[in-house]
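Below sits a lone chain in structure tokens, taken as the form predicted alone.
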């Protein structure tokens, strides 16, 4: 099967917008097609309005104590406490802390930050993909769209600084920030490569990696709390282009991983067109790939199997979702795949 072209995807993803969706979109400042799709997801206008309101609530920043430099995170908590920060431990991640109130200086300007004692995440959900992939020191890990390195450095921390992580990104400015973060945090087991991630199998060979993390470039429809412009700047064409790139990158990830290896696919989007649709398309096009159950770290929502005219494999119930109005964090989609 050939993945649909952008114009075909636009026709497939387009929806008829109801008056109720138009009214809510006008009230909350969203594109009306987005609101209609939320009703298609939840089937309840009350829940849709809860979601729209939740995007107005800010996120608590999260400090990830860098155990490569700070073996005892209580030491970091104590130091930040003296600077006026109020932190709350994250029950499912012993080295992460929500920032309940800011201190006398910015989180990015403390001596502790500059010394690489912690990394600042925009919210809790970004911690989940590396934890779920759970790389071991013996793994060869590919971070296929590494960005500025939040997940790259987290992977390295979970591996205790051993093994190897190859961090790939095409953006020159993101790679520059990634290298800076690696140096600041004292990460020594990461190789940075600036290139189009779709070329990885040609450079490293097929099946070279034992685990792959693909936190794919997306429309960011789950992080409207962080960037309010995402309420209105993305149209159906943008959604179609994102879906096409995500499909290509996920195929690349599965070509790059060895038999028996794992690929974690995630997006900071709640759009099924970027999430279940992409995974389902890959499952239809490739043999020997299965969806793996994800540990119940939190009370996840399951993946979607029906969305408007689209129907997906029942396997996708094993994927998980987070929502701002349910989990108090970014909207995220996570799916763990195993190459047989």
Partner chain sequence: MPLKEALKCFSCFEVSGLCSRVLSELRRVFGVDVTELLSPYSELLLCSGLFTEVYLVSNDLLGVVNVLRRSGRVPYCVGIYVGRFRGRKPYLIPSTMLANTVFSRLGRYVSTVVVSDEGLKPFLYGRDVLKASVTKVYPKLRRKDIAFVVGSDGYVYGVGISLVDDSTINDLGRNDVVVKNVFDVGWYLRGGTEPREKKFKT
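Residue numbers count along the first chain shown, from 1. Being a predicted model, the structure only gives us computed values, none of them experimental.
The next section is about a form of this same protein that is not shown, the form predicted in complex with the partner chain.
- Stretch-level contact analysis of 261-269, 178-186, 222-230, 121-129 against the partner chain in the predicted bound form, using heavy atoms and a 4.5 Å limit, identifies 178-186.
- With a 4.5 Å cutoff on heavy atoms, residue 166 counts as touching the partner chain in the predicted bound form.
- Although the partner is absent here, residue 204 lies within 4.5 Å of the partner chain in the predicted bound form, judged by heavy atoms.
- Taking the partner from elsewhere, residue 255 is found to have every heavy atom lying beyond 4.5 Å of the partner chain in the predicted bound form.
- Though the partner is left out of this view, residue 172 does reach within 4.5 Å of the partner chain in the predicted bound form, counting heavy atoms only.
- Candidate site formed by 114, 191 and 208: every one of these residues places a non-hydrogen atom within 4.5 angstroms of the partner chain in the predicted bound form.
- In summary, among the residues 61, 31, 301, 69, the only one with a non-hydrogen atom within 4.5 Å of the partner chain in the predicted bound form is 69.
- Of the candidates 161, 147, 103, 89, 161 is the one whose heavy atoms come within 4.5 Å of the partner chain in the predicted bound form; the others do not.
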